[in-house]
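A single chain, nothing else alongside it, follows as structure tokens in the form predicted on its own.
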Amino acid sequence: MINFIQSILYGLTIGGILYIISIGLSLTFGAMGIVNFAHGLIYAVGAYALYSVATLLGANFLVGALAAVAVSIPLAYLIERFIIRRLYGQSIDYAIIATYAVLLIGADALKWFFGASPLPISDPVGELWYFGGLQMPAFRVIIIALSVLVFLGLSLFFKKTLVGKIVVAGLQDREAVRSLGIKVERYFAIVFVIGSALAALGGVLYAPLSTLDPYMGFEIIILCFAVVIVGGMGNLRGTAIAAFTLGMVHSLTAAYLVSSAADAMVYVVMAVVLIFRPIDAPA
């Protein structure tokens, strides 16, 4: 029983990271109709920025995390300004090709600059917290708490701020918002940058749990699309539920079945959801 509960807690860690990364992808997919593979590049850049600052330059983990988020903002702006914005209203095929090309080019650039060898980042906390008979790395507990804070912060942002309310209205009826003289794409761009910064934060949080490699964005982006499809495009609460659920599915599969089948089980869940709720159904 203790092992089962511990697997659940580990699953919440994975789910928390998936949520932080996926929420920006969900909003981009739901609001703009853009399949943004470049989101995986932002995630990888965040992880490598952390490595550069915290490991190569010797700064502490928090400084590295802030640097990673800071680096992601101008990169996200450039991607939105010169690529994403040109794809509004175009066929989804163009978005897939263009953003996948950005991911490929970015991954090869990381490989050229940092090399192809996996790079480790140590646990910034390095402590175990005990809960009765359970033990949990403190860093994983922090990840879960931070993901909850991100969810609450975004909920307040979309309910209480003018930008958030315009984006929510645009998700429901973009043309109605445009008829009021509001350039809704400008507000979507703001949310795009926020979502990209969260993707970089996700890379920062996942880096100490694994190793860095130039193509790490490819694996995570497919998992995140599974989260978006299960949770519903543009559905904030649905994305959170899907992320934590799939995180636990991933963890329990690795713990009790075969670790190599953990990713596959996530896609099985996605396939079941698509059977009973097609992608064009309301979230």
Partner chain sequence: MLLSVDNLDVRYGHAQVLHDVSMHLNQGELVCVVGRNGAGKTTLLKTIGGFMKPAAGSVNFQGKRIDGQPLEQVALSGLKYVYQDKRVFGELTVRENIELAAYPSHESLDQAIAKVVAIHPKMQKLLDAKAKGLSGGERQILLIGRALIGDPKLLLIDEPTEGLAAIIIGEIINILAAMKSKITMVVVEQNLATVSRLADRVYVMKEGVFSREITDPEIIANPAAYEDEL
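Positions refer to the first chain, counted from 1. Quick caveat: nothing in here was measured; it's all calculated off a predicted structure.
The next section is about a form of this same protein that is not shown, the form predicted together with the partner chain.
Per-stretch contact check against the partner chain in the model of the complex, the hit in 106-114, 93-101, 196-204, 175-183 (non-hydrogen atom, 4.5 angstroms): Among the candidates, contact is made by 175-183.
Only one of I166, M136, I83, V71 has a non-hydrogen atom within 4.5 angstroms of the partner chain in the model of the complex; which is it? Contact with the partner chain in the model of the complex is made by I166 alone.
For this chain shown on its own, do Y267, A271 and R277 all sit within 4.5 Å of the partner chain in the model of the complex, going by heavy atoms? No, the candidate spot makes no contact with the partner chain.
Might L152 be said to contact the partner chain in the model of the complex, defining contact as any heavy atom within 4.5 Å? Contact check for L152: no, nothing within 4.5 Å of the partner chain in the model of the complex.
Report whether the minimum heavy atom distance between Y187 and the partner chain in the model of the complex is within 4.5 Å. Y187: contacts the partner chain in the model of the complex.
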